[in-house]
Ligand code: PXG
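As structure tokens, one chain now follows by itself in the form predicted alone.
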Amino acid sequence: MIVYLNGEYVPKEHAVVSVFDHGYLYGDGVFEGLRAYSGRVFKLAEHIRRLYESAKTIMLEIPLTPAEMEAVTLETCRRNGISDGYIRIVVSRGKGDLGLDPRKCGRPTVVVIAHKIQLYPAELYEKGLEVVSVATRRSGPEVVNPRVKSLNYLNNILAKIEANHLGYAEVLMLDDRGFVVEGTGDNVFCVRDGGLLTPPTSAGILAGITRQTIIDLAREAGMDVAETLLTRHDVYNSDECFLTGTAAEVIPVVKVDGRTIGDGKPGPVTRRLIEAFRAYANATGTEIYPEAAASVD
């Protein structure tokens, strides 16, 4: 396994970061998770744009241009023989001292990893997830804006700890007003009367790239999509429910807080969107091996 680290491609055993790196000490940095399908990186430009937007918000100057970051990402995939897999880009503030002051950090640390990931067992995509809402509230945009994909994921991890203790693979997180916002790593959708309902980004959620893809695919199919605040009552009484994310893709939810959603099985709209997403993801994206693609053409 080869990892990109600060301008070099090194074996994973040599991909080491200083203990004085502020990403390690304080979670001071940003990241992106991407997927590769059939030799293409899905929505590469969109992920890179979101990475640089997150970095701008926390005043972190990435020492590569977006075009260079795209090239590094593709090269890391090539060096690991990735055709289908998961990619993680991490940019931290870099090595500093034990104080908080980011001005003490010299140069940001840039890491790109290309490997494999499976968030949920395959059978859950067929029978659906059971989830619960938890006490841990989602941090609001006035605290650390969730649209910044930062290295500080403790809020999500605390909710995941609750999920583990309760015996669930995923949970629903609420904001401080009681509205449903996200899972620990997924966006939330409900199906009602054939249309989609999902919390707006203004509610303090990550502007998910898979989320936006599903919105676009649904609208292209003629479905109504409303970005609106959702309560647990709305979720309980939805016809269908599903979660979206880069790692999770699109996964059905069939029970929430003990309430059966619909008939307790993945519904027709969810199944149709899963098929549409998979077809789209496998047919689009930035070529990892452009020469091979050209020879096939």
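Quick note: we count residues from 1 along the sequence shown, nothing fancier. Worth saying up front: this structure is predicted, and the values here are computed from it rather than measured.
There is also a form predicted together with the named molecule; it is not shown, and the following applies to it.
Only one segment in the set 217-225, 127-135, 177-185, 67-75 has any non-hydrogen atom within 4.5 angstroms of the named molecule in the predicted bound form, and it is 177-185.
Using a 4.5 Å cut-off to the named molecule in the predicted bound form, not one of L44, L51 and V90 places a heavy atom inside that distance. Interface membership of T210, defined by any non-hydrogen atom within 4.5 Å of the named molecule in the predicted bound form, is confirmed. Among residues of the shown chain, Y153 is one whose heavy atoms approach the named molecule to within 4.5 Å in the predicted bound form. By the criterion of a heavy atom within 4.5 Å, I62 is excluded from the residues contacting the named molecule in the predicted bound form.
Remark: Y26 does not count among the residues lining the named molecule in the predicted bound form, judged by a heavy atom distance of 4.5 Å or less. For the residues L206, V112, V171, V191, the 4.5 Å heavy atom test against the named molecule in the predicted bound form is passed only by L206.
For the stretch 229-253, the set of residues having any non-hydrogen atom within 4.5 angstroms of the named molecule in the predicted bound form comprises T244, G245, T246, A247, in sequence order.
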